[in-house]
Structures are given as C-alpha cells and as structure tokens.
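We begin with a single chain expressed as structure tokens, specifically the form predicted on its own.
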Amino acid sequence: MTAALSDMSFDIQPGEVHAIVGENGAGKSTLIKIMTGVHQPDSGEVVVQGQTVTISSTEEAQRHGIAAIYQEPMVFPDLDVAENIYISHKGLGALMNWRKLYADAAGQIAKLGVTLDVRRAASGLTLAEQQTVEIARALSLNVRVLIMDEPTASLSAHEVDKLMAVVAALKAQGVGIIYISHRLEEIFRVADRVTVMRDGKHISTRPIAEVTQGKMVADMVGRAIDKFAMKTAANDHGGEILSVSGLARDGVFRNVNFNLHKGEVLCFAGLIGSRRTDVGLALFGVEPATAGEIKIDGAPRRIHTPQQAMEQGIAYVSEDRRKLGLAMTMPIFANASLPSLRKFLKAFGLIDGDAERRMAEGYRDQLSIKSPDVLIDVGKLSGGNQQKVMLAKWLETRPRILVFDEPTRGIDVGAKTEVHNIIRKLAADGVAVIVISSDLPEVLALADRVLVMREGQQMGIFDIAQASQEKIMALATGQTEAAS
C-alpha cells in the first residue's frame, strides 16, 4: 500500500499566504483533509496556537478557526444562495431573521465583487457561481486559517483580480491563508512562502523571493517544463465540418454564429456569466438551443439530446466532473467505456470486461493517469486524474468534433502540458476542436481562432494572429466590439 502522506511538516503564520504546490497525487488533498478533520493522521500532530489538538471532524476544525474551500464546489441544490452561505451557522431555521440573513449574505457576496442574487436557488448556479458561494460561506465564519484549494480554477482573469483583493484584505486582518493552485503565476502574485510536495512528501519550503518558476517546477515534477508559448499562426486545416448560425436559447444566449473546420482549434473566451458553457451544452444537446441552425458536413442537424450529438460524432468534456462527467462510485475502466459500451458487447449482451480493462489501461498509460490499476473507483482519484479519465472516455468514441470545457481546470503544470499536447495531436489528426477556457494563456497557446462572448452575446471572432490578452479582455468586458 502506498502512503498518501509521509513525514510531512508544514506551518502557517497569522497574516501569511503560504502556497502549497505539487502535481496531482502529491498529497495536497490528503494534507487538507487532515487539517479539516476529514481524515485522521496515523502519526504526527496538529498544533493550533501552540496547543496540540485533535481535529476529529469538520465541526472541530471550525471551532479552531479552520475552514476550507475545495476544488469541487459542494453546495446544497435545494437551498438558495443565502442558506448555502450560512448553512454551517447555528440558528438557521423557522425562527431565523430572514431579512438579516439575506442582507448579510448579500454583504458577503459583495466582498467578492460579484453580482449574484442571494435568493436564487443553488440548483441553477454555474460551477463558477457555486465556487463564489463556497468562498462566501468560508468568509462568513470567523476563520483564523482559510484553506483555498484551487479557488480560481473556474474563474477568468477578471474574477481572479477580485479574489486577489479579498485575499489581501484577509491577510491584512491577520488570517493565515493556505493557497493551493496549479496556476503558478498566481503563486508568485499572492504567496509569501511556497512549499512543494511530491509523492506525499515535503520537498522544499522557501520564501517567495527565493523561488523561481523553473526551480518550483523542477521540485514538483523532477524535470523542467517549458512555459507555453503564444501561438502566432493558425494551423492548416481541412474543409468545414460544423456551421452554426443564429444559435440561441431563450433567456440564456442569442445569435451565436461561427464555423469550424477539420483540424482547427476554436477557443471560446469570456468572463463568468458570458454563457460560453451554455453554447457548448447546446451543441451537445444537454440544454438544446431554441433557435438557430446547426449544420454538420453542410446538412442541417437536429441535436436535442446527447445521443443525437454523439451520433453526429460530437463529444463533450464537461468542466463539471461530478455532475456531467463521471460516475464517482464506478471504477476507472467502467467510466472509460460508458459512451462506447457497445464496442465491448459479446454474445447474449454480455460485456467483455477484459477488453474494457485493456482499453482503460491503454489510456492510463497514454494520459499518465496516476493509479496502480483501473479497478479503483474514480472518486478516489485526485481531480486532475479524474479529468484524464473523463478525457479517455470521450477519446474512445473517436469523435469528429470535440468540445473541451475548461480542459485543464484543476490540473497540475505537468498534466496541463500533456493535455495541451493531446489537443494539438487531435487537431493534427483532423479532429475539429472547441476549447472553452478561462485561462487566457491557454487560449493563446491553443487557438487557431478565438470567439469572445459577453452576457450571452457573441462580441467578436478573430484569427490568432490578431489576438492578444488585452483585445480579448476588452471584448469580454464590453469596452469595444469587433467584427466577425
């Protein structure tokens, strides 16, 4: 049995931002769960304000002033935003002062610089809005130590700026912040110290002034990784495969127009609330368009269900692994075969389990999924490895059009390189790729063309040679419009 964490020492000071970095599977999540009472250590001790304590539950952690925001938002869908923010507080019930509750919740949301109706049901929130609720919930507690596990994984640059302001305010109030992120540029922006973990062990702890990105990456993965360069010219591509005209869904987005060619990478950029994901869901039939036309190979196609989309060779890699991506209680091999299960049927409708496992093992090696075997439940994997399993299941369908929604959300720097290379190879093999991403360097590294949306409206579409972070952000924030 492999130890998830071994002889790990770590400390956090009041008013300090201490970053923890490492590849998926390095032990970061296990460390967090020990500090928050989800897991109990086999050895060692936890010391809070000079006193050795036993943190046996999340409630115990909260009593010690420790709260966490996890990579995967955990909201109660049947409650509204305000109730979710204050769910951990005593006194929430029939005799609650609801007017005060909603006012206080609005105040917490306002601290984040986000517009969100606190009376809105959580079931209708996007992933990014769920993350906002999680952050507000943690801030509503009188925390002394706030653990942020990939807090910006769902946020675009504009929202990241607002979150950084919140982090600075908490730091000034003496709150110690443990900041975990795969976005290394954020580490240099926010951290006072950096601890690197690898394979469940402490590798190094340094003041940020003594850290370089190259050294950090070398400590994380044991090898150097080049930074992604901006793509300066579009790839050669084949004929048009997809054409979208006047696509709309009532009250969500309107008048979206673009075409897509074989071997092309088209990136959708925009801020939270721009409705990029909703366009992707319409293309895959999860939430069908109510107007407009989708043509594939020049012929109009009806796509009102995911099955119809799959029949047209469309695959959709969701940003929400738990809701739309994976069956967490099923093993890796079963998840990888789900969309293409018919391939593995034998006589009398029996499933060829050996063939399933061989297929999954092939993707485990190809995508560097960190798991000793493919019989392990997906829910036991780290977030980045879950993302790779979701990618494997759609690659097995041999798609002609592949929609990636935040393909590297929550993935470490080494895995991000691998995913980018997979996307490039798919395009080189003639697959038409749509990438929906909040990571502007990622957009500029992958795109042949960039489509920018704002509040459900297409603001512009242009070739990569014309693109820049400044131009994309100008369109995304409504400062200007560009012709298609």
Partner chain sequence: MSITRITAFLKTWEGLLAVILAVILALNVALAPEFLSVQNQINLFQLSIEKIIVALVMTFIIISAEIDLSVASVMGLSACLFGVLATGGMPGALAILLCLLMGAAAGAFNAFWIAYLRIPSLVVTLAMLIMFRGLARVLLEDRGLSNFPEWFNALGRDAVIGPLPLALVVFLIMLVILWIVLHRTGFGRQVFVIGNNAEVARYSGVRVARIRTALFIMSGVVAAMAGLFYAARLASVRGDAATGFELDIITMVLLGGVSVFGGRGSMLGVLLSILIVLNLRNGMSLLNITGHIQTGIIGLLLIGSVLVPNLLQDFQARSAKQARKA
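Nothing here was measured: the structure is a model prediction, and the numbers come from that model. Numbering follows the first chain given and starts at 1.
What comes next is about the form predicted in complex with its partner chain, which is not displayed.
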Completion exercise
The listed residue (Ala299, Ala110, Ala165, Ala327) that reaches within 4.5 Å of its partner chain in the predicted complex by any heavy atom is Ala327
Fill in the blank from the handout: In this chain shown alone, the residue from Lys343, Arg189, Lys295, Arg322 with a heavy atom within 4.5 Å of its partner chain in the predicted complex is Arg322
Exercise for the section: Answer with yes or no whether Asp104 is in contact with its partner chain in the predicted complex, where contact means some heavy atom within 4.5 Å. Expected result: no
Practice task
Mark Gly414 yes when one of its heavy atoms lies within 4.5 Å of a heavy atom of its partner chain in the predicted complex, and no otherwise.
Solution key: no
Handout entry: Contact test in the predicted complex: Thr408 vs its partner chain, heavy atoms, 4.5 Å
Key = no
Handout entry: Contact of Val244 with its partner chain in the predicted complex (heavy atom, 4.5 Å)
Key = no
Handout entry: Contact stretch among 202 to 210, 134 to 142, 246 to 254, 284 to 292 - heavy atom within 4.5 Å of its partner chain in the predicted complex
Key = 284 to 292
Problem - Partner contacts in the predicted complex for 338 to 372 (non-hydrogen atom within 4.5 angstroms of its partner chain) - result: Leu338, Pro339, Leu341, Leu345, Phe348, Gly349, Leu350, Ile351, Glu356
